[in-house]
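The chain below stands alone, shown as C-alpha cells; this is the form predicted alone.
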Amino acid sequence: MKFYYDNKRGQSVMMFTKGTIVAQRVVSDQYHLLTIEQPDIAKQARPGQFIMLKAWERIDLLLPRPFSLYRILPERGQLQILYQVRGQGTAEIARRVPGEKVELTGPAGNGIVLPEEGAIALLGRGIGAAPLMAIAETAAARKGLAVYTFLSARKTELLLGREDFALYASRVTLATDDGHHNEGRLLTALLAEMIAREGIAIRSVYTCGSRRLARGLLPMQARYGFTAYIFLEETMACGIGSCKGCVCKVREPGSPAGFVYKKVCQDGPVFPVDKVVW
C-alpha cells in the first residue's frame, strides 16, 4: 500500500510505501551497498534527493533513518544506498537480506540542477561520496557535460565508489591521509591545480562529507567562476518538515538577523556554500 504526501512545492510527490531488498553487499569495513526495489520512487527520484528508511519492528527504534541516493535506476525500478554502520538503526539495516521488506518515505528534498554544458566537479570525503554518484551518472548521460571527481579518505580502502565513478567521470582524482594518494593533499587544492593547469571550465561544484572542504570552496568561486553546493547532513526525525529538527542557518540579507532558518529536509539537502552560515 502507498500513501502520498503532496508538499505543494513543485517537487515530486512523496510516498510512504514499502520496498523489497534486492541485494546487500559489504563494500569496505562497516560500509554497505543496499539495493532496494521500489519502482514508484525510482521513477520520480532525482540526484540530490534522499529517502527515509526503516527496516525493523523494534519498539525501541521508533524513527526511520535518512539516506542519500547513491544510484537511481528507474529502468530497473531500483534504488541504491551506500551507508556506514554507525548505530542500532544502521546495524539493523545491515542484517537485512534479499527478499525482506523495508518501509520507505520519499523521494524527499530537492534535487540538484545541472548546468547545460561545460563541466562539473564532485568532491567527496569518505561516506560523502554517497550522494555524488547519482549526480555523476546523470551528468555523464548529457552530451556536452563533463564530470571530474575528487575523492578523499583516511586510507585507500575507504575511498568509496571509486570504481563506479570511473565509469562516468572524465577523471577520478584520489587523496588519502596516509599519503598513498596525492600525499594526502586537500581536494580543493587538487581541483584548483587542475583548473589552472588545463583551463577546464568548471560550472558547478558539489561536495559532501566535510564542511572544511565546503569552506575551502568559498574563495575559489569568484576566482574560477563556478558555483559550489554542499549536501548538508543533519539529524532528521520525519524527513517531511513536520518536526523541524533539521534546521540550519542560511544567509538572507533582507532579514533582520541577516539569516533565516531553513529545513534541510524540505529546503535542502543541497545549499549554495556561500549561503550557509558556518
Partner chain sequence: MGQADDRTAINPAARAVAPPFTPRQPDIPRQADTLQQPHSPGHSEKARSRVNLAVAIAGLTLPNPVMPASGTFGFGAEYAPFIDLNRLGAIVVKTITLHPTSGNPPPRLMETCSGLLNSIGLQNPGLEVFIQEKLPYLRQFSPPLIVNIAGRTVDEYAELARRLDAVAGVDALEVNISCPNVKEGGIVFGTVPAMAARVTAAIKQNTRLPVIIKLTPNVTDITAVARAVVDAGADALSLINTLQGMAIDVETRRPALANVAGGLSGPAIKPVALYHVWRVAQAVQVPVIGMGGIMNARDAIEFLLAGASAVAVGTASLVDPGALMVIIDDLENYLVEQGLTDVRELIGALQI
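Positions refer to the first chain, counted from 1. Being a predicted model, the structure only gives us computed values, none of them experimental.
The next section is about a form of this same protein that is not shown, the form predicted in complex with the partner chain.
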Considering the partner chain in the predicted complex, which of Ile240, Met220, Leu34, Val250 comes within 4.5 Å of it through any heavy atom?
Ile240
Only one of 197 to 205, 146 to 154, 81 to 89, 162 to 170 has residues with a heavy atom within 4.5 Å of the partner chain in the predicted complex, and that stretch is 81 to 89
May I ask whether Gly77, Glu116 and Ala141 all come within 4.5 angstroms of the partner chain in the predicted complex, judged by heavy atoms?
no
Residue-level contact is defined here as any heavy atom of the residue lying within 4.5 Å of the partner chain in the predicted complex; does Pro131 satisfy this criterion?
yes
Partner proximity in the predicted complex: Arg215 to the partner chain, non-hydrogen atom cutoff 4.5 Å
no
In the predicted complex, does Ala42 have a heavy atom within 4.5 Å of the partner chain?
no
I'd like to know if Ala23 sits close to the partner chain in the predicted complex, meaning any non-hydrogen atom pair within 4.5 angstroms.
no
For the stretch 52 to 79, I need every residue with any heavy atom inside 4.5 Å of the partner chain in the predicted complex, listed N to C.
Lys54, Ala55, Trp56, Glu57, Ile59, Asp60, Leu61, Leu62, Leu63, Pro64, Arg65, Pro66, Phe67, Ser68
